[in-house]
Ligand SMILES: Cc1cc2nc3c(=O)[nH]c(=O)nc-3n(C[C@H](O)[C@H](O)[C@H](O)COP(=O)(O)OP(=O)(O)OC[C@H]3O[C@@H](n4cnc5c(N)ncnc54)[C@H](O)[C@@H]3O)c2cc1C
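A lone chain, given as structure tokens: the form predicted on its own.
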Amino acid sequence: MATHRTAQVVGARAVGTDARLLELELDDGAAFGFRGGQYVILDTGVVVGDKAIKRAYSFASADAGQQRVEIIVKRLEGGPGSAAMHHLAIGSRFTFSGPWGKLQPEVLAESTGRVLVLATDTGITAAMGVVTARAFAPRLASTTLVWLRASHDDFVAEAFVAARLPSALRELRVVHGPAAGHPERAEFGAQIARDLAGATPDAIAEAYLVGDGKVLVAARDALVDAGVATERVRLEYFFNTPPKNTTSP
């Protein structure tokens, strides 16, 4: 059974046309106890009908800091939960459960070879958490982070992301492609994976995929076809979650 805790908003600022960064601390000053790539499920305080609106947000800050953390909220058109989060004042409190998630790099044994982190859309927050994680440091020099997004002004600015990435990271690639829901988007993501898998003689040893489920499944299948072991691909769906009978790691 999930344990619920209470966090307080101690800082807030806009980091994009529709993105707001919230700094959070626990009421009791304790550590959040998260690892890079994990997320929390928080109660927005909004009730629609008789249902409390809860949303998942990844930790966007590095897991070296456990007392004060950051999440980034995208305002969604007609979304009561995100609207409420965009209006939270300093000092506001809410309950949450977590941390949750399976992207953290210590899940996979140490290995040699290239590493792919592929994020779509708002999944970049989880990707930032992965590459800034303490456990991920040995992988940075061999890691390519790819961010697939529909446009440069959707969610956070590219410069904001680039400024927060470790200097040891091998490469950040920002790719503008079809928006979520476009019929060619999944294949677009799969081709990104194919191109990276065949870019050098060094094999991709592991991959962390986060964001649009349709893209992630297609990219995962492309990586497996290229020789990446299925168990060395980790997926975290932000939206377009595949049916439960869809094969996944």
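These figures come from a predicted structure and were not determined experimentally. Residue numbers here begin at 1 and follow the sequence given.
This protein has a second form, the form predicted in complex with the ligand, left out of what is shown; the following refers to that one.
Residue-level contacts in the model of the complex: of A135, V175, A162, L76, one residue has a heavy atom within 4.5 Å of the ligand, and it is L76. Heavy atoms within 4.5 Å of the ligand in the model of the complex belong, among the stretches 216-224, 190-198, 27-35, 51-59, to residues of 51-59. Not displayed here, the ligand is kept clear of S142 by more than 4.5 Å at the level of heavy atoms in the model of the complex. By the criterion of a heavy atom within 4.5 Å, P80 is counted among the residues contacting the ligand in the model of the complex. Contact check for L116: every heavy atom lies farther than 4.5 Å from the ligand in the model of the complex.
Proximity of V146 to the ligand in the model of the complex: non-hydrogen atoms within 4.5 Å are absent; the residue sits far from the partner. Residues are counted as partner-facing when one of their heavy atoms sits within 4.5 Å of the ligand in the model of the complex; in 206-233 not one qualifies.
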